[in-house]
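Have a look below at one chain only, the form predicted on its own, in structure tokens format.
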């Protein structure tokens, strides 16, 4: 008799546990303790999308509205696994939108508190939005899921130095047309496309979309660059609650100049809806 896989539910998955925040209570309002999990590291740092979701969860606790509409983060110093503190502040509360800001802090090796990232965000209720959609955007063209390739299909000598722990937590299947970098023959087009989910089967929700916009390998790899591509600034827009099932993510870079590049991401759900968008500025290592 074959074993039936039990998929994790929203609220009871590894992602939820690893983005949990604990309020300090009335004596220290708006302050949350958390732990940055080593399971979401890539190369030499904690993934920026995971951090965005973690701070996004703290803001969801702090603000009267439940869902992120727009979240803009500046990454000031590289985060590392271990204890962290998130300090939030409510900037404005309205009928349909509330605005808040948050900063994530860790202690350095000398015991001094260091600000890792600073976020400004607007929250609302995605369920209260009208159904009217007028768009020229189209879902990315991807081969079927079983014809795309995941980390388990990579050759023995991976081009990624350091940690790739985050890949074990994602159900990631990349379009072979964007995988030239794995074979040492990058296309030069600055594109990355993939099917994306969480490895434990948890369905997407608005908070996990903040992870999704920064979960794919950097487009810099297809431009022929190697190594860590740290995010300087990332702004994500969540457009609606995603339907159950795998997401499709498309990321493009049109301009690399002066050692910096932009990445524009679109996230589509199983109902062919554009559920999240983002733009980030990242630093590229030039040889």
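None of these values were measured; they are calculated from a predicted model. Residue numbers count along the first chain shown, from 1.
Form predicted in complex with a further copy of the same chain: not shown, discussed below.
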Joint contact, 21, 47 and 183 to a further copy of the same chain in the model of the complex, by non-hydrogen atom at 4.5 Å
no
Counting only non-hydrogen atoms, the one stretch of 52 to 60, 252 to 260, 37 to 45, 23 to 31 within 4.5 angstroms of a further copy of the same chain in the model of the complex is 252 to 260
With a cut-off of 4.5 Å between heavy atoms, is residue 132 one of the residues that contacts a further copy of the same chain in the model of the complex?
yes
Check residue 118 for me: does it contact a further copy of the same chain in the model of the complex (non-hydrogen atoms, 4.5 angstroms)?
yes
Should residue 228 be classed as touching a further copy of the same chain in the model of the complex when contacts are defined as heavy atoms within 4.5 Å?
no
So in the model of the complex, does any heavy atom of residue 89 sit within 4.5 Å of a further copy of the same chain?
yes
By the heavy atom within 4.5 Å rule, which residue out of 164, 187, 77, 141 makes contact with a further copy of the same chain in the model of the complex?
77
For 212 to 249: residues with a non-hydrogen atom within 4.5 angstroms of a further copy of the same chain in the model of the complex?
223, 225, 232, 233, 235, 237, 239
